[in-house]
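A single chain comes next, written as structure tokens; it is the form predicted alone.
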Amino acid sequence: MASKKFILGVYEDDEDVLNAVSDVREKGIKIHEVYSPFAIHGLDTALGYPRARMGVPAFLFGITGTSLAFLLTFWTMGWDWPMIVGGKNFVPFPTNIPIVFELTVLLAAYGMSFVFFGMEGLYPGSKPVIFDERITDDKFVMAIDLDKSGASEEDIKNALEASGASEVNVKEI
């Protein structure tokens, strides 16, 4: 398996890495990812990420849950074991609303979770890529893929050092 070469800029503070993202992007260097021990407000905007569209799978899984709930309640109360309670019809809609609501929410939540884990590569058997062990503690790392960056290794190192990186490392993964 061919290895990829990454250049890592290590930063001490979240404000430093947030400002560095803008500086590096202004120089035309494409950033692979920024890793931090906690979420940084505005980082996704600075990186130029498009808005997440998790609403689409939520809607599709929710509609699936609603459909399954209607099928379940109509089949069980109307055909499989019809019961006449209090003179009402076989399929009383208002009494089934909690079941429809719960299955809609349940399938939407599980569906979004599975889509998220699949998109992020967080499934059994996946091998996580950890660029620097310190990102789980107190450091912030900007990773730049040398092949996809659009700049030379020396230009990237100079840009990272000029943006305030305390360390600049090269790692092959």
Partner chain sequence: MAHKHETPSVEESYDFSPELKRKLVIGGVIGVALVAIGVFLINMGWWGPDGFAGGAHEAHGAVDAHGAAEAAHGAGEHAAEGHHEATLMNRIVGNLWMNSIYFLGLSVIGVFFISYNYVAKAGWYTSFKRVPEALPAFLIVPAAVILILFAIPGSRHIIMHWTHEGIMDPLSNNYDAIIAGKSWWLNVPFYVFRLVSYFVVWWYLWKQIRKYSLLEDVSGSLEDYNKSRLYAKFFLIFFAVTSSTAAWDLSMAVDAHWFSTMFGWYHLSSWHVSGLAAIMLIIITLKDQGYLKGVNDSAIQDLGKLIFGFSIFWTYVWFSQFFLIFYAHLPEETIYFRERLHGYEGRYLAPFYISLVLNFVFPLLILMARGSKRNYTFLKLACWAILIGHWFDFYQMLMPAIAKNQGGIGLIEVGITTVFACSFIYVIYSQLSKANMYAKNHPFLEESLHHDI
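Positions refer to the first chain, counted from 1. As the structure is a prediction and not an experimental result, all values here were calculated from the model.
Here the subject shifts to the form predicted in complex with the partner chain, a form of this protein not shown in this document.
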item: Location of the partner chain contact in the model of the complex, chosen stretch of 18-26, 5-13, 160-168, 145-153 [non-hydrogen atom, 4.5 Å]; value: 18-26
item: Partner contact for residue 72 in the model of the complex: the partner chain, 4.5 angstroms, heavy atom; value: no
item: Contact label in the model of the complex: residue 85 to the partner chain, heavy atom within 4.5 Å; value: yes
item: The partner chain contact at residue 76 in the model of the complex, heavy atom, 4.5 Å; value: no
item: Residue 53 within 4.5 Å of the partner chain in the model of the complex, heavy atoms; value: no
item: In the model of the complex: members of 141-173 within 4.5 Å of the partner chain, any heavy atom; value: none
